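What follows is a single chain, given as structure tokens, in the form predicted on its own.
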């Protein structure tokens, strides 16, 4: 038999787990934003300040920088994967949804490029993350491309992997060259997918 005090303890534990997950999401969002702005070598204190927590909180969740970067990587993959269907449902057109999704993807790629340097010594770990990235994001990009092609907005002969690879190549080195605006070139690429009227 479960008494009322046990029920209260269960609710408190669930609430604590929910709070812990929310705090971790806040940390990951803050770290992703700092990584996009300053690279993966940005000081942890900048992440803590942006998240509104102490540095000890970050180290409690993510004991090493590699742990934090991998968690941000996975968090951003999931955010991109979840954003695709949501953008299709809320955007004015499938092409607009594709453009918005590609912007999120570009933010992710800036972070991802720094990850490679951090995980140089762990090729198997990086390969596993790359496979996860492809498994989660190629189907989402395919859905966006198919919807835009079905609506007649874009040409239909482009594969998701091909587009993602092209966007990725345009982003290489963007974080280290202030004269190069990868986002502008990516916008031109997405605009260029439109069918001529």
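Whichever C-alpha set is largest while still superposing within 1.5 Å between the two forms counts as the rigid core. Positions refer to the first chain, counted from 1. Nothing here was measured: the structure is a model prediction, and the numbers come from that model.
Omitted from view is the form predicted in complex with another copy of the chain, to which the following refers.
Residue 19 falls outside the set of residues with a heavy atom inside 4.5 Å of another copy of the chain in the predicted complex. In the predicted complex, none of the heavy atoms of residue 59 sits within 4.5 Å of a heavy atom of another copy of the chain. In the predicted complex, residue 131 stays away from another copy of the chain, with no heavy atom inside 4.5 Å. With a 4.5 Å cutoff on heavy atoms, residue 63 does not count as touching another copy of the chain in the predicted complex; it lies far away.
Shown here without its partner, the chain carries 104, 109 and 142, none of which come within 4.5 Å of another copy of the chain in the predicted complex through any heavy atom. The single contact residue among 43, 52, 166, 152, judged by any heavy atom lying within 4.5 Å of another copy of the chain in the predicted complex, is 166.
Although another copy of the chain is not shown here, in the predicted complex the stretch 171 to 186 places heavy atoms of 172, 173, 176, 177, 179, 180, 181, 184, 185 within 4.5 Å of it, in sequence order.
Comparing the forms between the shown form and the other one on their rigid core, the Cα displacement of residue 37 reaches 2 Å or more. Cα of residue 136 to Cα of residue 41: at least 3 Å shorter in the predicted complex than in the shown structure. Between residue 84 and residue 36, the Cα spacing is larger in the predicted complex than in the shown form, differing by no less than 3 Å.
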